[in-house]
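Here we start with a single chain on its own, the form predicted on its own, put down as C-alpha cells.
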Amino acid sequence: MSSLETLVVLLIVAPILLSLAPIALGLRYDRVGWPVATITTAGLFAAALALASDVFVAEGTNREVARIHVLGNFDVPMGIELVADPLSTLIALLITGTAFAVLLHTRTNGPRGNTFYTAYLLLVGGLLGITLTGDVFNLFVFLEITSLATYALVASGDGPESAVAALKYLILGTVAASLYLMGVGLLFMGTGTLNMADLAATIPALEGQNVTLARAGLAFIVVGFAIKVAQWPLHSWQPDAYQHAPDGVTAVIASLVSTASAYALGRVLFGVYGPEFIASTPNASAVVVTIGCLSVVAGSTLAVIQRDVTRMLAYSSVSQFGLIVAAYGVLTEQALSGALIHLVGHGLTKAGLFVAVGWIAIAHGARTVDEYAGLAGRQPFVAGAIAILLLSLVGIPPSIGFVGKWYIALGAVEAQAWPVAAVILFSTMLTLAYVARLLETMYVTPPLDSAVEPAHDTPAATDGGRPGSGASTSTDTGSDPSEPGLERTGITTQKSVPLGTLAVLVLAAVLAVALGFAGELFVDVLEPFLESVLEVSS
C-alpha cells in the first residue's frame, strides 16, 4: 500500500478517532479541544493537498489517476473501496480547508467547549467519508454519521428554538436516510453488488425485472437526496437549522453538509447509474430537472421576502442547490461541469458569508437587513468581503459564481433544456434583488438612531467552555432585544474584527474572485471523471 493510499484512509479514520480526544483529555485538561481540532483539521487539509498534487497532475482514465484503497484487501465487490479521484479530491480539499478556516473563526467567537470540538471532528470525518467512499452502503453510514453530528451541533444553541430545529432536522433527515437505504436495497436486489464501480459496470447490462428494481432504487435515492439537499418543498428543515444553530456552527453546516449531499447525489447519478440509464428511464431526467427548477424559483422568491439575513441566505441555498440538481438532470458534459464548479463555489461563498453574518450578529447584534445600516462605514473590510461574496452569489463576473452558472447555461442551451436556461436568468434577477437590498443598506443607508450595542466585545478564548466563555449562539447578543430602549436600527460603533475571522473573510473573498479566472482549470482537473461518466473523448 502506497503512502498516498494510506492518506485516503487517514482522511476518514483520523478525525473520527480523534473526535474522542477532546472529551477524553478534557477529563484532565479544560482547554484541549481547540488545539486538537485545529491540528487535526490542518493535518487533514495538508493530506488533501498532498493527494491533490498527485491526482490532479496524473494522466489516464479516472480509475488510473485515482488513489484507491480496498479495506482489508478483500476483492471487489466484497471489499470496501475508498476512492480519491479528481472529483472526490476536489471536494475533500473544500471540506478540510473550510473546516480549518471556520475553527479560526470560532476560536474567539465560539461556540467552544470540548463536546463541541468532538461533534465538529465527527462531522468532518463523516463528510470526508461521504466524499471518499466507493460503496453505496457505506455512503449511507457516513451520511448518518454526518447527520448525527449535525443534529447535536444544531441543538447546542441556547433556547427551545434550537432543540425544535434539531428535532425537525432529525425527523426529515431520518426519512431521507430511510428512503436512500430502501433505494440501495432495491439496487442490491437487482445487481447483487454495492461497489460503485461494479454497479456502473453492471447496471447497463441489466435486463427484465432487474431493470425495474434499479429504476425503483433510483427513484427512492433521488427523493432521499432531495431532502438532504433541501429541495423545495422538502427544504423546511434548512432555514430553521441555519437560523437557530450557534453562528459558528451555521458557517460549517451551511457550506459543507448540503454540499456533501449534493456531491453524493451527483456521484450516484453519474458514477453509478450513468447518463444513458437515466436517459432511458421514463421521465427520470425530467423529474430531476423539475425538482431543481422548482427549488430555484421557490428558494429565490422566499429569499427576497426575508428580513433576517441568515434566513435569506438559507433560502438562497435552496435556490443555488436547485440549480445544481437541475444541471444534473440536463445530462451533458457542460452542465455537469457547471454543476460541480457551482458546488465548490457555493460552498466557498456560503462559508465566508455565514462567518461574516455570525460575527456581525455577535459583535453588533445585527441580524436583520435593516440592522446592517452603516456597516460599510464602521466595518469596511467586513462589508467589502460580504459585497464580493454576494456578487459571486449573483454570478457577476469575474467570480466563481459566474463560472458555474455560465457552464450550466451552456449545457442547458446545448441540450435545449430551455426551462433550465430560463430559471438561471430568473433566479439571477431575484438574487440580484435581495443582494442589492442588502448592499444598499450596508453602503448607502446610515444608522437611524444611536442604538445601544450589545455588551459583547470579542471575548478572549477560553476553550474549556466555562460559563461566560462567550460560546455564542444565535441568541447570544449580550443584551435583551425586548428591553425598552434597545432598538437596533443600525451599526453605530467600530469594533475590532478578530484576526482569525478577518483572515477567513479576506481569503474567501480573494478565492471567490481568483477562482473565477480558473474555469478551464476546473474542467481540466475534472476531465478524467467527466470522461469516465460521460464517455467523452479527450
Partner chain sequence: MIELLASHYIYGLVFVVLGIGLYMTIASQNLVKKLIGVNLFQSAIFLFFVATAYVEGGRAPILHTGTDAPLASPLPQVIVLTAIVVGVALTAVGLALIVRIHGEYGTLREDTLREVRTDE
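Residue numbers count along the first chain shown, from 1. Quick caveat, the model's predicted, so the values are computed rather than measured.
In what follows, reference is made to the form predicted in complex with its partner chain, a form of this protein that is not presented.
- Of the candidate stretches 132-140, 246-254, 318-326, 197-205, only 132-140 has residues with heavy atoms within 4.5 Å of its partner chain in the predicted complex.
- Relative to its partner chain in the predicted complex, residues E144, M182 and M189 are all within 4.5 Å by at least one heavy atom.
- Proximity to its partner chain in the predicted complex, defined as a heavy atom within 4.5 Å, singles out one entry of I171, M429, A422, L71, which is I171.
- With the partner removed from view, the residue among D308, E276, E440, E161 that has a non-hydrogen atom within 4.5 Å of its partner chain in the predicted complex turns out to be E161.
- Interface membership of L148, defined by any non-hydrogen atom within 4.5 Å of its partner chain in the predicted complex, is confirmed.
- Among residues of the shown chain, G157 is one whose heavy atoms approach its partner chain to within 4.5 Å in the predicted complex.
- A166 belongs to the set of residues with a heavy atom inside 4.5 Å of its partner chain in the predicted complex.
- Using a 4.5 Å cutoff between non-hydrogen atoms, T212 does not count as a contact of its partner chain in the predicted complex.
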